[in-house]
Ligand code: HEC
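Before any questions on how it binds or moves, here is one chain, the form predicted on its own, in structure tokens.
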Amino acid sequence: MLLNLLLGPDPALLGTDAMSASPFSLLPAASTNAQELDNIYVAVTLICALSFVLLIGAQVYFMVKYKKPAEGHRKTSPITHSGKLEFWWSFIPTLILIALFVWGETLYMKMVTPPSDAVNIRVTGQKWFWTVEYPDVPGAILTDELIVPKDVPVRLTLTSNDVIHSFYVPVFRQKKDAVPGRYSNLWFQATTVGTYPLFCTEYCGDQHSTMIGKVHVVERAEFDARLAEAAKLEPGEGESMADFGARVFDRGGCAACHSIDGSAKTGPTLKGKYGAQEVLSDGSTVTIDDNYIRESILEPNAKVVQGFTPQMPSFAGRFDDRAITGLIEYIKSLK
């Protein structure tokens, strides 16, 4: 149990690669900045360990050497001042601290100054999921998934639609707050192909712990192909509209707020709702039909179900008519 707590969530449950087999080993360093940060961390740890050994060792040595004898007392010898000793025990630590400061400041400036040729990606936090947009690939919008090319610098522009979230990828050693009404930036260059967990590390509500995504590091050719596929969002050959709607439901991150099994979440469940009567926040009633579902997707705050708050973002401009039709057919199938 203790080992599980130290290691964190089971990667199998996150759907990502295993990161560490021991709580005493560092996580994989999957970016250029991550390895440099690890180098500083290891250097500081070694300096602290050496200082601990020297100080405690000297303390133990003097305790043994000058312990009270079995009989009588020792006369203390005259203590004289040593200017050289005081200089060196102040000068050496000062040099070490200055070196660590210069090292850390240099890396910090590198981490906050993205290259001019970095791939631009926009990330928006929303209770309780991440929306990832690729401006250079129209229509490529993902939910809780960040796809980045290996060995290519990437710049993320972060913001939030509601409260403060915090974007954190452990294997990149990168964490940055996503603040409503503001934009913040971070950049990295992934070095290892794989799938890694993405967390929100700022408490943002009762489902904060479920705000988990994935970062896929792939080769550049696969990166371009996956974005092209993500930009399509249209029915496949022989695919029913309900099945297509299920993909749209997953792509849009709808499951973060709406369940399909009848359980309550931030938004009302969708199971068995089509054709039913729903009581709205103003006391009126509405029949859940095609028009109501369409309106709720494009103008989610127009008719809010009683017992829920208006938190759903609009999907206008993100889902076209075909995608909305697919969602309607999918909701119809949830008996």
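Only a predicted model underlies this, so the values are computations on that prediction, with no experimental measurement involved. Note that residue numbering begins at 1 and tracks the sequence as displayed.
Separately, the form predicted in complex with the ligand exists; it is not shown, and the next lines address it.
- Only one listed stretch (176 to 184, 87 to 95, 122 to 130, 206 to 214) carries heavy atoms within 4.5 Å of the ligand in the model of the complex, and that stretch is 122 to 130.
- In the model of the complex, the ligand sits within 4.5 Å of a heavy atom belonging to Thr309.
- Among residues of the shown chain, Leu37 is not one whose heavy atoms approach the ligand to within 4.5 Å in the model of the complex.
- In the model of the complex, the ligand sits within 4.5 Å of a heavy atom belonging to Thr266.
- In the model of the complex, at least one heavy atom of Gly253 sits within 4.5 Å of a heavy atom of the ligand.
- Contact annotation for the candidate site: Pro300, Pro313 and Ile331 all lie close to the ligand in the model of the complex (heavy atom within 4.5 Å).
- With the partner omitted here, the residue from Arg247, His258, Arg155, Lys150 that has a non-hydrogen atom within 4.5 angstroms of the ligand in the model of the complex is His258.
- Interface residues of 275 to 299, taken as those with a heavy atom within 4.5 Å of the ligand in the model of the complex (partner not displayed): Glu278, Ile288, Tyr292, Ile293, Ser296, Ile297, in sequence order.
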